[in-house]
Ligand SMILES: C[S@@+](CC[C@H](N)C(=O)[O-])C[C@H]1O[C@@H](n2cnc3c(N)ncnc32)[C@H](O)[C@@H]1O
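So this first bit is one chain, no partners, the form predicted on its own, shown in C-alpha cells.
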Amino acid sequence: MILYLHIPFCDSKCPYCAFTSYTNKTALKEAYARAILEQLEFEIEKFHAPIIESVFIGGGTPSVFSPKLLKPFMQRLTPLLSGKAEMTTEANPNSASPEWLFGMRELGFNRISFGVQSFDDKKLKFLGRAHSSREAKEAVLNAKKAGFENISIDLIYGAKPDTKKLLENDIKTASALPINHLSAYSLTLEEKTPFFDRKDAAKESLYMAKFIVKALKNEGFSQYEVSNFSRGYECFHNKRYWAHDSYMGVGCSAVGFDGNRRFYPSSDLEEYIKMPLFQKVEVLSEEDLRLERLFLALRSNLGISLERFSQESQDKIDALISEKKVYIKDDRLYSNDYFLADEIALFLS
C-alpha cells in the first residue's frame, strides 16, 4: 500500500497551476493538521492497517507546512511503515529552508522532489515562480547536506520562452547537481487558470519532448515513463500508481483507490476541515479498470501482461509489432514510444 498526503497551502499561485492550493488561508494550518490526522485514523481502519511501502507529500507546497505540524501524523503512521519505505516530500526552492529540510529528515523522509521548472530566471518569472535559478541550485545542495538520499527536480517545457538552447542549458545545469531523478512536464493550459486564455503562453511541445529525451539520455538519464527520467533511481511511489495498485489519499482533494472504488474528499479547504471523513465514492466497472490498466501500463516501463488481452486483440498487437510501435518481452507488452502510449491504448481498447 502507498499513501499520498496533500498539503493545499502555497506562498503564491502559479498561473498554470490547477491543483488545489490556497495562498490566503495560512491561519488554517493547525486545524488542517488535526483534520488529516483524523482522516488518517479513518483510512487505517478502512484499509485494515496495511503495511505502507511509500509516503508521498504533494501540494500545494509542502515546504510551507512546518515539520512540527506533521509530527503527530507521522508518529501515527510510523508503526505501519515497511522497513525500507520510500518517503518523498515535494518542496519549492524558496521555502525549503535548511531548518525545514532537517526537520523533514528527522521525520523520516529520505526523498525530495523540487519544483524547479527552469534554471532560466526570465522563464521562471514568466511561469510565475517565486524562486531564482540560484535559489534552486542552493536548495538541491542543501537537501544533500541535510541527508536526503534521493533528490529529484521538475522541469517544464513548451512555454513561450523556450528554445533548444534554453532547454539544453536547463538539462546541463540539472545534470551537474547531485540528483538521481528528473521529471519533465509539458506546459498544459488548464481551465480556470490565468494561462488558459492566453494564446502566447505555450508552444507546440512534442518536438521539444523528443529533444529533451535525447538530451537527458546524453547526460546519463533513462526514460522510464512518459515524463520521468532516472539516473539510478526510479520512483517507487509513482510506479505503484502505474501498476494500478491501491492507495490511500489523505487531505483536501486527495483521491484514494481500493482496487475498484475511488474516494474523493472535499476539494474545499474549509469543508474538508469540518468533515475530513466525508468522501464521494465512485465505483469503477470492469471495463473502466481494464482501460485504466492499459493506459497506465503502456506509458511506463512496467508494460502489461498478455493475459490481459483477448484473442481478438492479437491481430491489433501483431499490427503494432510490425510497425515497431510495441514489443513483447517475457509475455508482457511494452510501448516503444511512451509519447504514443495513449494512442496505442485507444487502438487496443
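A residue's number is simply how far along the shown sequence it sits, counting from 1. Small disclaimer: the values here were computed from a predicted structure and weren't measured.
If you look for the form predicted in complex with this ligand, you will not find it shown, but the lines that follow are about it.
- 4.5 Å heavy atom contact, T61 and this ligand in the predicted bound form: Within the cut-off, so yes.
- Distance check, E225 to this ligand in the predicted bound form, heavy atom within 4.5 Å: So E225 does not count as contacting this ligand.
- Query: Wondering, does E90 line up within 4.5 Å of this ligand in the predicted bound form on heavy atoms?
  - Reply: Yes, E90 sits close enough to this ligand in the predicted bound form that at least one of its heavy atoms falls within 4.5 Å.
- Message: in the predicted bound form, does F257 come within 4.5 Å of this ligand, counting heavy atoms only?
- Response: Judged by the heavy-atom cut-off of 4.5 Å, F257 is well away from this ligand in the predicted bound form.
- Name the stretch, out of 163 to 171, 213 to 221, 111 to 119, 262 to 270, where some heavy atom lies within 4.5 Å of this ligand in the predicted bound form. Residues of 111 to 119 come within 4.5 Å of the partner.
- Message: Considering non-hydrogen atoms and a 4.5 Å limit, which listed residue (I179, L101, A136, I156) is close to this ligand in the predicted bound form?
- Response: That would be I156.
- Query: Which one of M74, A85, A146, L187 is close to this ligand in the predicted bound form, taking close to mean a heavy atom within 4.5 Å?
  - Reply: Result of the distance check: L187.
- Task: Output the sequence-ordered list of residues from 10 to 49 with at least one heavy atom within 4.5 Å of this ligand in the predicted bound form.
- Result: Heavy-atom contacts within 4.5 Å come from Y16, C17, F19.
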